[in-house]
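Okay, here we've got a single chain as structure tokens, the form predicted on its own, with questions on binding and movement later.
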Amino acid sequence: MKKSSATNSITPSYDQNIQNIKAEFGNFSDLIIREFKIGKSNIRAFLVMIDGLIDKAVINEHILKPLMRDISIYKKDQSTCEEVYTIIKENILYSHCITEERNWAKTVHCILCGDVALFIDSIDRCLLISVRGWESRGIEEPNTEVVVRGPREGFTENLRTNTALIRRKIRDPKLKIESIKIGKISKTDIGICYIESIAKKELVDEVKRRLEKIDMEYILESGYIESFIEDGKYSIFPTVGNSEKPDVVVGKLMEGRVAILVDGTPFALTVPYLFVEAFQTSEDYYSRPYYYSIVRFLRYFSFFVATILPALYIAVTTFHQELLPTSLLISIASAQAGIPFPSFAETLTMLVIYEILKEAGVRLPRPVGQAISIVGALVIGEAAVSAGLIGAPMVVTVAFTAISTFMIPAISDAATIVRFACVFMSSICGLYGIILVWILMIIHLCSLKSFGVNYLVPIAPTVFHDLKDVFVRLPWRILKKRPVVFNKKF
């Protein structure tokens, strides 16, 4: 877009306004300027819109047709332009949202957002008519949060669709959705959602303060926002939650948290975010608590396995063989016989191959990606064992580690980094290296905060009232009171 030569305000001159529009937008191939005369009078007018952002059928039927054919506009032979303008605004246009605007910059921004601007000769202001109608993806089940029981709807890339999904579940005027724009060029719409009677005012103010400090030219996804507002900017653990499911976001709003919706992405951010949330899923609360309490224990166990199992294999086979039963030690030794690499090199090679296969499966088209992941793992694993390059116990160890990582997708990135750290330290110090990494990790987790709330709460510091939804999921008759961690300062 060319640099504007227009004034700050709309002028009453018809020709000057057209000239300013052309100067502002320059060589826009999708810019539409529709000139016409109102009714059978000689009053000139024109519409300005961006092709692809508007609903053409609505414009033709509810804007152009009434303006060009409705006789009520020119029922007075001597109607002035000001009178015609008033009649159009109050009686003629069929639209749920019409605003009057004098500022040129705001008018241009609204046109770029999908509104239609109506300019009338001799009038020093325009009417902005909301007829946004671009193509967008429908509401579908998110692929990242699949459930057996529970709502199947997910957020879309349209901000208004997402706010409507939340309002459908919270029909209370205390649900506030405040809008701001971030990005000097993109001017991306951001929605700040919270329940006024539940969320702490200090938390809401802190979220607004961090968002207002963001100085970027463009925001394309909520991940941009996350990197600017998160605590522990150099931590491998996330301190800002994200979800594609409206029911998950609504559940967190009901606990007193704040959600951040970004136009153009289906991922909503939620703050504060706690470590224990990585082991909780929405389905835990839709089914009976007994089985899912066991599943939650399995998730914690899976995190433990995903981070230390390969390192434990190295430590035991290299430094602490006396810890293994004799029969198991003989089985591992026989499988390792003839392997030309030490345990560390063997483990590191298999972990790197696994990461390559996982990334290839994600980036390729879904049918091809699944074939690459499954066939690649089978062929490479079998071929490596047959060629005597990798021992069978190592293949089993990496496979179990990979499956355990899939149990905790929210922190799988952090678990992978901790896993490699444990592998390197176990190759140097054995079990003492693994213990050292875990001690440092726990110290780091205890030092983290998320918007003023300790990351490990309610485990450390211990909040007994909220432990009923940490390691197990107790029945709803016990969980009906919301957590206290977001209402008190820890």
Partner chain sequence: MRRFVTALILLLIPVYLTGCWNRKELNDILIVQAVGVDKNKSGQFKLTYQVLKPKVLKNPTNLPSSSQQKGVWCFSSTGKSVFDAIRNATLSCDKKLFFSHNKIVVISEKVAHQGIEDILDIFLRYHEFRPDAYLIITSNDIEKFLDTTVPIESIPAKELENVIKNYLANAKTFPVRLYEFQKMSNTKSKTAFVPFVTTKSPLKQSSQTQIFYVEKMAVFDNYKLTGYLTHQQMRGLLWVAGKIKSGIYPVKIDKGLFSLELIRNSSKVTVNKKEGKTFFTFRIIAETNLGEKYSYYLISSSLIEKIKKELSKSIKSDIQNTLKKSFELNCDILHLGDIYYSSYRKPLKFDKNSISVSIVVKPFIRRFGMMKE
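Residue numbers count along the first chain shown, from 1. Note that the structure is predicted; figures quoted are calculated from it, not measured.
Missing here is the form predicted in complex with its partner chain; even so, the following discussion is about that form.
Undergrad: Would you mind picking the one in 336, 222, 130, 281 that has a heavy atom within 4.5 Å of its partner chain in the model of the complex?
TA: For this set of options, the contacting one is 336.
Undergrad: Considering 409, 342, 264, 151, which brings a non-hydrogen atom within 4.5 Å of its partner chain in the model of the complex?
TA: Contact with its partner chain in the model of the complex is made by 342 alone.
Undergrad: Give a yes/no on whether residue 64 approaches its partner chain to within 4.5 Å in the model of the complex, heavy atoms considered.
TA: Close contact is absent here: in the model of the complex, residue 64 is far from its partner chain, nothing within 4.5 Å, heavy atoms only.
Undergrad: Considering only heavy atoms, tell me if residue 143 and its partner chain come within 4.5 Å of each other in the model of the complex.
TA: Heavy-atom contact with its partner chain at 4.5 Å: absent for residue 143.
Undergrad: How about residue 454 - does it come within 4.5 Å of its partner chain in the model of the complex, if we only consider non-hydrogen atoms?
TA: Result no; residue 454 lies far from its partner chain in the model of the complex.
Undergrad: Could you confirm whether residue 425 comes within 4.5 Å of its partner chain in the model of the complex, counting heavy atoms only?
TA: Residue 425: yes, in contact with its partner chain in the model of the complex.
Undergrad: Quick one: find which of 428-436, 460-468, 53-61, 25-33 has residues within 4.5 Å of its partner chain in the model of the complex by heavy atom distance.
TA: Contact criterion met by 428-436 only.
Undergrad: I have 320, 324 and 440 flagged as a candidate spot, so tell me whether each of them has a non-hydrogen atom within 4.5 Å of its partner chain in the model of the complex.
TA: Yes, each of 320, 324 and 440 comes within 4.5 Å of its partner chain in the model of the complex.
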